[in-house]
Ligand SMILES: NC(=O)c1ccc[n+]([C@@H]2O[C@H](COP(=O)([O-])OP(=O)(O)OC[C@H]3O[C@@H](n4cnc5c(N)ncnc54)[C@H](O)[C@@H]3O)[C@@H](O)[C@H]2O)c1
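A lone chain, given as structure tokens: the form predicted alone.
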């Protein structure tokens, strides 16, 4: 089988994360890369030995024969870059969040269907071992009906600055950036129920104070300076999502919070609950309440890091038409939830989802 010729759209931090994994897949040829920032483009292209490099998507698509594209640009450009690649006849993987809003996301899905090409979403947490194990338990009915979940991603001081803090480029803060991970994963493990309403509250009170702290945020995109960058996104948020089947999810996420940073992904079922953080199952046995810890979770399946599993799955889907476990249809639904969360926070009212 011929190698999959992949073109990277974007050359920044997440693109390098993807490129590291493509390099480890023997069925891939990194054929081209583009980025509007020529300095970043050349640095990344040199690092990975990519000869053909361009400063526009249109130029790359016109000059290089490709099979697939991987979209790793600012959120504001996800839709336009993805649609252009799909219209050029390529299969596409697009990083999360799918778009700036559900309208853009639907246009991306429509382009995928019109061209008969794959559009896979970069929901990487679906691919870690903990998620795969939890899904195995749920699919076999061992937890019963899942009726409630907690989706938490809290940073104490974790505003990356740069384009992440600029709503015009990112679409929002921790809700759309990091909250989307546990939100998507819990819904996926619950069987992708249809959302019917949300209620949310956001705050932006801690951004200025956090930017002045000497404590490191941990990382920033190229050129970011949180002490100087504009910040037009929320610092923390809480929301409740109600589903058509009666189930619900509590979402908590933050860039800045006076509390412990943590990530919780917990699902509660009629026969048992599971915490993906420490891989514990809470249930009953022989009339007793029991807590069961799973061991050796990293050997439960073929040991593979989540991003590697995600990239390998994309390549497999493109080459072998394997059914995609992270399809664009799910991305559209998640964007509807994100839109509703922001609208609810803005209006102070519950928002229904069609």
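Numbering follows the first chain given and starts at 1. Just so you know, these numbers come straight off a predicted model, no measurement behind them.
In what follows, reference is made to the form predicted in complex with this ligand, a form of this protein that is not presented.
Stretch-level contact check against this ligand in the predicted bound form with heavy atoms at 4.5 Å: of 127-135, 177-185, 245-253, 270-278, the positive one is 177-185.
Residue 36 belongs to the set of residues with a heavy atom inside 4.5 Å of this ligand in the predicted bound form. None of the heavy atoms of residue 152 is located within 4.5 Å of this ligand in the predicted bound form.
Residue contact check for residue 157: none of its heavy atoms lie within 4.5 Å of this ligand in the predicted bound form. With a 4.5 Å cutoff on heavy atoms, residue 97 counts as touching this ligand in the predicted bound form. For the options 101, 77, 232, 197, the residue carrying a heavy atom within 4.5 angstroms of this ligand in the predicted bound form is 77. Here is the short version: of 73, 118, 165, 189, the single residue with a heavy atom within 4.5 Å of this ligand in the predicted bound form is 73.
With contact defined as any non-hydrogen atom lying within 4.5 angstroms of this ligand in the predicted bound form, 307 is the only contacting residue in 303-324.
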